[in-house]
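Below, in structure tokens: the form predicted on its own, a single chain.
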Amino acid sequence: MKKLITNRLFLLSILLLILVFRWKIVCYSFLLLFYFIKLFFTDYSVAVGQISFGLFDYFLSALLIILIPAVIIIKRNSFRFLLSGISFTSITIIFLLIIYIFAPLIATSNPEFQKNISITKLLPPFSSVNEIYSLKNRDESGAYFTLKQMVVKNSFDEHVIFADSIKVDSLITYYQKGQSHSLSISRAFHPEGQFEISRKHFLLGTDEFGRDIFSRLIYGARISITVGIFSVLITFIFGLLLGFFAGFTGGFVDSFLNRISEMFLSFPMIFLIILIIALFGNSIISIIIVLGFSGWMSLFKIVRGEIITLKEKDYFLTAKLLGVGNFNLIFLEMMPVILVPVIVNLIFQFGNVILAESALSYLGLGTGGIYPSWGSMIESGQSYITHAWWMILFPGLALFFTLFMTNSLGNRIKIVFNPRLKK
């Protein structure tokens, strides 16, 4: 009972921390949703034009941060997994899930945002710079637009000015690398309408283009997890179906598929992956398809071997003699037996896919050119390792802990279903 309470408090405390530190974004998201619904009923075409995936992402994250704690409290008896003790693996999984779902609320800026690079580039962790929000040339076209500017973090915002120092007198004078610039006080208001010159904080520092490493790390986790999940799904479909088909059918079909898988296993897949991506492009869809298709062989071998072994078992032969159909034989007799090794293989495959995607991004063939990726962050940080160590340290640690978590989770599942491995 004590462990259960501790685990629930741990999970709820993480969600509450996000809610406390980003409560304005959550409130603005719901208020923006209200204005969008109002705009939808008054001018449908304008409303459809205003909605975007980024805006929907904020709505969904803000909604889930309210619903998830409520569901955990209401359905607390259904979450039996919380009875297990807290471990490094469980903490890492919880953090990755929270980062994946609530990335828009956790990140402090758009991962591609860069402005006044001479001021913001290569800042060490826990740095901060002066920030002015200028209303010059601002479009005051209504409450919906104003709220959208507050909530959605754009990749570029012409109203933001970063400066080394600021002097406020009859004019706002700000200095950028020794050069002074002036701005009328009437044009330097916070979006809420109050006069404010704030500080922009960079928790993990910035890269060579002045982009916030913390935000890029958060959104990079989304890319890695998305590629891993969908690639593993493709691997699961191909490996399971072909393994069932080969093991259950036998004969020429089994020999042919087995030789095909051995041919793929004998060839270094990384070279084939690089060749295909170099020929057909490196979009996120192509990365998922290529990495998913390149990992079916090991799962095929596991499923095929288990099916061949099960076919010789007495209970399987008895069920077949009693007239049980092939469909029931596969899904009622075979599937429960091979489920554990399949799950363990897919978990290890998930880690391999994340590592492969990072390697491709490191080589410039992944999704790093379009989306932030841990591999591309490590590659760009390699050139600045002597005087900007944070650029390579934090994405490297994120990749290390994620891979360590997947391997630990796979080993724990094996031990749970096979206690003899503890010895």
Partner chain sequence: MVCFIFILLRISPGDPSLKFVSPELSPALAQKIKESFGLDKPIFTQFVQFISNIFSGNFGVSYDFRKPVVQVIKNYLLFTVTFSLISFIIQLTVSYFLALLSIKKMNGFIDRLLGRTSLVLYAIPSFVIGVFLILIFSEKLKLLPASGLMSADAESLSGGAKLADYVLHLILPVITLSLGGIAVFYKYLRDNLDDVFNKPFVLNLYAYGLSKKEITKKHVIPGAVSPLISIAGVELGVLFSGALITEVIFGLPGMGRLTVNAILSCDYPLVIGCTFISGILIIISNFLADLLKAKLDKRLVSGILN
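Keep in mind that what you see is a predicted model, and the values were worked out from it rather than measured. Numbering follows the first chain given and starts at 1.
FYI, the form predicted in complex with the partner chain isn't displayed, but the following is about it.
Considering the partner chain in the predicted bound form, the lone stretch of 225 to 233, 250 to 258, 338 to 346, 264 to 272 in range is 264 to 272 [heavy atom distance within 4.5 Å]. Think of it this way: in the predicted bound form, the partner chain has a heavy atom of just one of 385, 27, 63, 37 within 4.5 Å, and the residue is 385. This chain appears without its partner; in the predicted bound form, the one residue of 68, 393, 55, 33 with a heavy atom within 4.5 Å of the partner chain is 393. Interface residue remark: residue 203 is not counted as part of the site for the partner chain in the predicted bound form, having no heavy atom within 4.5 Å. In the predicted bound form, residue 278 approaches the partner chain with a heavy atom inside 4.5 Å.
Although the partner is absent from this view, residue 404 contacts the partner chain in the predicted bound form, with a non-hydrogen atom inside 4.5 angstroms. Although the partner is absent here, residue 362 lies within 4.5 Å of the partner chain in the predicted bound form, judged by heavy atoms.
The putative spot formed by 355, 378 and 400 is fully lined by the partner chain in the predicted bound form; each residue has a non-hydrogen atom within 4.5 angstroms of it.
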